[in-house]
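As structure tokens, one chain now follows by itself in the form predicted on its own.
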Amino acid sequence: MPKAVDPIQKRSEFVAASWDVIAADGLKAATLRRVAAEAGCTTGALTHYYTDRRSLLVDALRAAHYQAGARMMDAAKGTSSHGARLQAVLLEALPLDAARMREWRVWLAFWAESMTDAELAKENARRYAEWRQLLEDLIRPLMRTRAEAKRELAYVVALVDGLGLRLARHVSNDRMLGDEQRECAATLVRHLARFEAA
């Protein structure tokens, strides 16, 4: 009797393999053949779940955002204040460990590709809007007015994007990366400290 295969699990494996390829060698390297090889199977097995490269890439981008979002919400659980909740989510958004660094490298590859690919641009914009909405919901209780919340939102999004880019450009020197990660986390915490003091 053939072994039962969980299609959701199998898709997750292919998505994870695509992230590994993209993080290592960029989006163009993520061909069906290369992703299948990374997942340890044939291209035919992969096309049973993804009929073309585009559907795999869109799923990979979507899954990266969902995974990050779920992790951020877990980090926010059990926090004692609005400021602590915002800090937990923003720290979780930075590439401060290997898994989050891989996510950032995947996102950067998609951001670059979305400059010339309308479908990926639309998908990326939708996920980025969800991220901004989450932050706005966390920031709003900390500010007196909606206008102040919008300004703070613009600032923290730029801060996280800038710090994340700063870290994601490091590839080879682990010690330097660790120092940079600590410095970037401290920069973010210093900015948010005023909310705990208020």
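Note that the coordinates shown come from a computational prediction; the quantities given were computed from them, not determined experimentally. Start at 1 with the first residue shown and count on from there.
Not on display, but discussed next: the form predicted together with a further copy of the same chain.
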Stretch in contact, per heavy atom within 4.5 angstroms of a further copy of the same chain in the model of the complex, of 153 to 161, 36 to 44, 66 to 74, 138 to 146: 153 to 161
Contact label in the model of the complex: Met115 to a further copy of the same chain, heavy atom within 4.5 Å: yes
Mark Val58 yes when one of its heavy atoms lies within 4.5 Å of a heavy atom of a further copy of the same chain in the model of the complex, and no otherwise. no
Do Glu183 and a further copy of the same chain come within 4.5 Å of each other in the model of the complex, heavy atoms counted? yes
Considering only heavy atoms, tell me if Arg132 and a further copy of the same chain come within 4.5 Å of each other in the model of the complex. yes
Is every one of Ser12, Ala16 and Trp19 within 4.5 Å of a further copy of the same chain in the model of the complex, counting heavy atoms? no
Heavy atom within 4.5 Å of a further copy of the same chain in the model of the complex - qualifying residues of 122 to 140: Asn124, Tyr128, Arg132
